[in-house]
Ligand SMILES: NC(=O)c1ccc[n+]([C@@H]2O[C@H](COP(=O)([O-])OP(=O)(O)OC[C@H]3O[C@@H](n4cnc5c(N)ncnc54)[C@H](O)[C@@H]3O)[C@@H](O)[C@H]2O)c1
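Shown here is one chain on its own, the form predicted on its own, set out as structure tokens.
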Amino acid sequence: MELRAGQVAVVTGAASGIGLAMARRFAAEGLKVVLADVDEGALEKAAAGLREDGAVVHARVVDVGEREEVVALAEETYERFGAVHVLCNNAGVGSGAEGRMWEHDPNDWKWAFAVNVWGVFHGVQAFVPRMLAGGEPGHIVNTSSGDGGIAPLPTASVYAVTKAAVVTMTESLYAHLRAEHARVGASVLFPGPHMLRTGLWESHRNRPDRYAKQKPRRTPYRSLDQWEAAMKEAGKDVRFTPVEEVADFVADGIRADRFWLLPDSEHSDAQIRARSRSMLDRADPAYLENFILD
């Protein structure tokens, strides 16, 4: 799909991180951008910054876990701009779950699924029928993660399960769009190839009361800076991919109508091969050994 000035891009989780980088990238191409995020203050700041750069911007506070709010976003977007050409279902949260899976707070699962899985589906259901009816070329990008989308990350099992679900949902969406001979394509994004400086580590600050933990955490939440410091103290090198590179990768992928937005990475390739080999050999998942906790 060609990206052209005057088209409209909708991005959820757009107030910071990958979402804001994608919005800036689309705006640089001359697209009108619709920003959706649950963090009102950060959203207003992001929208103001884009407007200062000359972009046409509409911003709306949206909790993607609530279907009615995403439907309202779609209705408002079509009333204002009349079309949507790019939809990035990017909003995501970490769960903050602790301990073994059977010890997890059920609300950790409910919140992560509401945003990371239901949020993607709500975006698909609210926008895709309108995009198809418009008859114009379009593209949907759903943000997954290597942590779950490629191989399970048992130390963050709730998050990993939700990101695995996004891959399967996007594969199904791709097949359904092809069956309709639609001019709308679909991609699943694996941001990277390295760590990213995003607000995911602090997503608990926006956790709705309805998904509040039923019992206090045993340990404090750890910030990205704290995690990075601990890795360096342990002698482990930590590399980061700028979010701007991810946004460029997305724009290139949309132009190429590429389904797998998976950056080159020896680590990811090794995970994919190891998991596939385990399945083909009907063998135990030895590739998980490095993540098994004592």
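Residue indices: 1-based, along the sequence shown. What you see is a predicted model, and the numbers here were worked out from it, not measured in a lab.
Not pictured, yet referred to below: the form predicted together with this ligand.
Screening 92, 123, 149, 138 for any heavy atom within 4.5 Å of this ligand in the predicted complex leaves a single hit, 92. Out of the listed residues 107, 157, 198, 77, 198 is the one that sits within 4.5 Å of this ligand in the predicted complex by at least one heavy atom. Only one of 159 to 167, 125 to 133, 179 to 187, 99 to 107 lies within 4.5 Å of this ligand in the predicted complex by heavy atoms, and it is 159 to 167. Shown alone here, residue 31 lies farther than 4.5 Å from this ligand in the predicted complex, counting heavy atoms only. Not displayed here, this ligand is kept clear of residue 172 by more than 4.5 Å at the level of heavy atoms in the predicted complex.
Using a 4.5 angstroms limit between non-hydrogen atoms, residue 62 touches this ligand in the predicted complex. For residue 222, no non-hydrogen atom is located within 4.5 Å of this ligand in the predicted complex, even though that partner is not displayed. Three-residue candidate spot 144, 191 and 206; every residue lies within 4.5 angstroms of this ligand in the predicted complex by at least one non-hydrogen atom. For the stretch 34 to 49, the set of residues having any non-hydrogen atom within 4.5 angstroms of this ligand in the predicted complex comprises 37, 38, 39, in sequence order.
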